[in-house]
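For reference, the chain that follows is the form predicted on its own, supplied as structure tokens.
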């Protein structure tokens, strides 16, 4: 990839951001793309805010020195909650973040009982608290459950399939006991297991995944015409033990993928 060519950056701590990248590729948005997985410190949802801020700012600074970044997607709710505003104040390219889909959930719910499954980092963040304060009224009942251990189990699929279901079942029971009719996914890893989630609910519930909304926002910043012929993806991983690149490569829907050295 020519380093003078404008690139779209997709950043996450692991596999979760591939859900956003795949939506982007399916939309035929032209690349090239750089997918950065800081899996050495996975999961970000359990890291301290100060560490994530310092780490992500350092990575973005190095990427900005090496590449012409046209736009960047923070494909991680925790990173968005902790660092998005700092990044926007530090760099002059558009930065699109993630946030739990409370607004569409409020529109969708019939009985006002809304479930939220998110990382601990997202739930504890001021950004999430502000989102709740802005959009959730007293008539709504939020059932917020931290997805402790889910990211690790998702990362280890298919080997962890049984452990994943055992982790999910008590969480689903809490949601069902609260009679939710809408579930908000507050982590980009969670859409990877959307079928498992659906299978565990005894009733049909609506699951809110904000991936499409993020890609809609990204589209606004693409300056040149879309082209399905330029969807090459370079992948950086901060820890390639057990060939983490190969794991990522299997889930990215592009025929042109290669590994490049982490910055």
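Remember, predicted model here, so these are calculated numbers, not experimental data. Positions refer to the first chain, counted from 1.
There is another form of this protein, the form predicted together with a small molecule, and it is not shown here; the text below is about that form.
Comment: 72-80 is the region of 172-180, 106-114, 72-80, 126-134 lying near the small molecule in the model of the complex, near meaning a non-hydrogen atom within 4.5 Å. Within 4.5 Å of some heavy atom of the small molecule in the model of the complex lies at least one heavy atom of residue 13. Contact annotation: residue 31 falls outside 4.5 Å of the small molecule in the model of the complex, judged by heavy atom distances.
Mapping the unseen interface onto this chain, residue 151 counts among the residues with a heavy atom inside 4.5 Å of the small molecule in the model of the complex.
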